[in-house]
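Below sits a lone chain in structure tokens, taken as the form predicted on its own.
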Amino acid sequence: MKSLRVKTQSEYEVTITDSLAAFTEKVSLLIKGDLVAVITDSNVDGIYKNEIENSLTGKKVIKFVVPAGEESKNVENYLKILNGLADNGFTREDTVITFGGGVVGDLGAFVASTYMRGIKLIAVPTTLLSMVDSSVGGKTAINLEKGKNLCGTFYQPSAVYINTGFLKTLPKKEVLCGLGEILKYRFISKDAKIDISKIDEDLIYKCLKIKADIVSKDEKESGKRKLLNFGHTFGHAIEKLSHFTIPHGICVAKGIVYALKISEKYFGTSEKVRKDYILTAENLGIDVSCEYDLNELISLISIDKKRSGKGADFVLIDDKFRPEIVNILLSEIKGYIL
């Protein structure tokens, strides 16, 4: 078992283990109210039906199950769950548990952050992507028709419980999705010596340690936290154009190629960095090619939340292999790529 403290304004512990007993021993002790809402999706519920509920003895558990997939991160499900909490008499003394991947985590955390202006939240991620990234840091969101994550808040959980046992039932495409996000960490931290040959507690801990250190210095993404968006500016545009049929982590992996291309012209970064990255990704089984029109991608970037003024923020890698946050005019993006 490993653990780390995320030192935001409201400090909390992340537990990384392969035992469900740790949930009962550590996490469930934080639940003080009588009511618990478990928010999950149809895939997770089909495999782990009452896994969390069985550990919540003495509590009344209300379960909300949304269809698996990015499309569920919408206004309709958000309001449905909010009304469900109200109908069941939830108060600010009660608890929301998100049990699933990034979609469930984002949606459920947004519910928790806004119901009665904030209710206790515990995150139980079940995918590799959510374990190494979205479960920690306090970002919550739902999607709007215009784009991904355009409506959300910053709201930290009271605890995060990561059980690597959940990875045993993860489809291969979801493992690759997580690895696509893990590749990001190799670029944004000079201390990141991440061995991706084995997916275990150590790998998850190293990724989250990098993220926790960044978030503790910039909780609301006013500066350094933007480094965590490496690959995401183009990645989100690719995700939108695919109608969310390409998993988020794979889109980020594709977006990293664009970020490295821009880095070559902007900073004079060696082309070898990009070629080595592509080879690493392909050896993992991740397709980092992109079939979408560059003009369409840039058009979507223009309405991304990372837009600032007439430009958009990109995380680039300079010629000394250091990450830098750079704002590039939308009219100039194409010239850095072609």
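Here the rigid core means the biggest group of C-alpha atoms that line up within 1.5 Å when the two forms are laid on top of each other. What you see is a predicted model, and the numbers here were worked out from it, not measured in a lab. In case it trips you up, residue 1 is the first one in the sequence shown, and so on.
What comes next is about the form predicted together with a small molecule, which does not appear here.
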Check whether T269 has any heavy atom within 4.5 Å of a heavy atom of the small molecule in the predicted bound form, and answer yes or no.
-> no
Wondering, does G223 line up within 4.5 Å of the small molecule in the predicted bound form on heavy atoms?
-> no
The small molecule contact in the predicted bound form: T169, any heavy atom under 4.5 Å | yes
Is C207 close enough to the small molecule in the predicted bound form to count, meaning some heavy atom within 4.5 Å?
-> no
Which residue among I62, A68, I286, C290 has a heavy atom within 4.5 angstroms of the small molecule in the predicted bound form?
-> A68
One residue of T95, S263, T127, T233 in contact with the small molecule, assessed in the predicted bound form (non-hydrogen atom, 4.5 angstroms) = T127
Please name which of the stretches 78-86, 254-262, 129-137, 111-119 has residues with heavy atoms lying within 4.5 Å of the small molecule in the predicted bound form.
-> 129-137
Using a superposition on the rigid core, decide whether the Cα position of F244 changes by 2 angstroms or more between the shown form and the other one.
-> yes
